[in-house]
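What follows is a single chain, given as structure tokens, in the form predicted on its own.
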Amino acid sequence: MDKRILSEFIDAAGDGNVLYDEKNLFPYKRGSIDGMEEMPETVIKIFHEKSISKVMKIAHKYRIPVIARGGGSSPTGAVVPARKGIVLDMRPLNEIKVNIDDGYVEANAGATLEEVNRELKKYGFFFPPDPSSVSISTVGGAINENSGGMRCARYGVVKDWVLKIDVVLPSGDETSFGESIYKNRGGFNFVDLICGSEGTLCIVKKAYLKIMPFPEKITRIAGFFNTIEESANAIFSIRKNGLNPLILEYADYYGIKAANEIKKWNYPEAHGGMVLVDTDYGENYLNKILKVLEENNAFKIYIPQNEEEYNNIFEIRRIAFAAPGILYSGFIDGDIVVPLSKLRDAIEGINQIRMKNNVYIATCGHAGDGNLHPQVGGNPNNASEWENAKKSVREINDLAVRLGGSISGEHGIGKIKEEEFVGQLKYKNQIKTLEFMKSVKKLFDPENILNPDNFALGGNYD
């Protein structure tokens, strides 16, 4: 980067907060597991809200691409600086203020969701969305990705909990969207537009998030099944019968087996997988859920009797998500969502793809809202094995679309799912969506400097 421009950024962000040597830039060249990487020209650490506006004014003047980065946990290439340019490290901007009287928490973009909940716990409250990367997922990143998590079955995704956001536009101008009140019909809902926009429209610097009292008591139940049909029917029956668990999760045979291997446990390696349920509605509700599991032929039902068992059962589901990354050198993230009635078809279809292509797939997910994570493992140095892995991912995405679903439930499109995203829109006769997205992008960011490569916004996919 030109030394004169670099000096302007140093003046704007402070001496020591602008990094440009290779050693310091290296950690910012990629996200979590997608394998895509590109070294930025400069990284600017953001410690003060006003620094964002100053930096963006300079970037806008010189048409320099900018990516705002939180914890870097995106698995879709969304935080990779494909056009080099600048990465704004938002993590240092992490102040949190709790407002119990008005029912929200005010958190800067760099605060992690775990830090937010740690602060809220002091008051007996919590922020419900809980992506698996909660310890590193930041408020800004969770908003930009519209993150989900295990509690989505009950509470929905991040956008359902955002009241107001303070932002910086690509021009460097500052504004806010929404209000820190529980109801607001004053104009278009730009908050929902920003949620899930993957950093392409503006930079979130602060958010005002709704909060909930923490449940008094949570009971955890795990049912193990011999067949996919039985486990899928149990999941569907829980929802169809009007039960509303705190979480409703699934882990298949391969996820359970991986947990046993890694942790030296001996949980049933059930070919139909495990259905995990948390409920906070009391004994009567618990009995209804147990009845559903029994009626659908769960051959083993666990109700943890101590904290260790309570945590271990939950860890099976966590490990199922990460199993390919633990067992294989290559990992491809899956993130499909289907109608609830098609969950069994999706799980069975994934199993058929696994056998046909002879690949390792550990399927888990947020079964309560139809969001599955078929995680694929393989060796990138083995050409045929890795090609089969990539082929399987494409076939799984196609399966989701054909079943009336989507190629992403919560991880987003980023830079590695562009073609599949456009294919989904064409299949559903929704290609106008991309046209409108490009128009909105041009309205917010006419110079196309803010994360310009996400969402197929810069490509020609006619």
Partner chain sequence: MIDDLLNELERESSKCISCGFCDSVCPTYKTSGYDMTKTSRGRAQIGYSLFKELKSGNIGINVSDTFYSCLECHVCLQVCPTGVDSGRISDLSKTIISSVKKYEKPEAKAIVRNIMKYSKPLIFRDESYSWYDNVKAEKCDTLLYTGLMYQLMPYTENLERLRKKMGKRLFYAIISLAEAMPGITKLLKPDPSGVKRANKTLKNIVYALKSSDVSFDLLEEEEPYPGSLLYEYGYIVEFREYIKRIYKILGKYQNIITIDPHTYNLLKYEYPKYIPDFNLNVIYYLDMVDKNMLYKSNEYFAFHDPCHFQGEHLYNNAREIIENMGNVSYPERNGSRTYCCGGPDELLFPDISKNISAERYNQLKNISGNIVTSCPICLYSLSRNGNIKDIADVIQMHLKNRK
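What you see is a predicted model; the values in this text were computed from it and never measured. Residue numbers count along the first chain shown, from 1.
Just so you know, the form predicted in complex with its partner chain exists too; it's not on screen, but the next bit is about it.
S.K.: Could you spot which one of Asp345, Glu114, Glu309, Asp160 gets a heavy atom to within 4.5 Å of its partner chain in the predicted complex?
M.R.: Of Asp345, Glu114, Glu309, Asp160, the residue with a heavy atom within 4.5 Å of its partner chain in the predicted complex is Glu114.
S.K.: Considering Asn94, Ser171, Asn351, Asn226, which brings a non-hydrogen atom within 4.5 Å of its partner chain in the predicted complex?
M.R.: Selected residue: Asn94.
S.K.: I'd like to check something about Asn260: if you look in the predicted complex, is any of its heavy atoms closer than or equal to 4.5 Å to a heavy atom of its partner chain?
M.R.: Flag for Asn260 set to no.
S.K.: Would Ser135 show up as a contact with its partner chain in the predicted complex if we use heavy atoms at 4.5 Å?
M.R.: So Ser135 counts as contacting its partner chain.
S.K.: Do Phe421 and its partner chain share at least one heavy atom pair within 4.5 Å in the predicted complex?
M.R.: Answer no; every heavy atom of Phe421 is more than 4.5 Å from its partner chain in the predicted complex.
S.K.: Against its partner chain in the predicted complex, would Lys240 count as a contact residue? Criterion: heavy atoms within 4.5 Å.
M.R.: Contact with its partner chain, no.
S.K.: Where does its partner chain sit in the predicted complex: which of 194-202, 69-77, 210-218, 162-170, heavy atoms within 4.5 Å?
M.R.: Heavy-atom contact with the partner occurs in 69-77.
S.K.: Would all three of Asp130, Leu372 and Trp386 be in contact with its partner chain in the predicted complex, where contact means some heavy atom lies within 4.5 Å?
M.R.: Contact check failed for every one of Asp130, Leu372 and Trp386.
S.K.: Can you name the residues of 22-54 that have a non-hydrogen atom within 4.5 angstroms of its partner chain in the predicted complex?
M.R.: The stretch touches the partner through Glu22, Lys23, Asn24, Phe26, Pro27, Tyr28, Arg30, Gly31, Ser32, Ile33, Lys45, Phe47.
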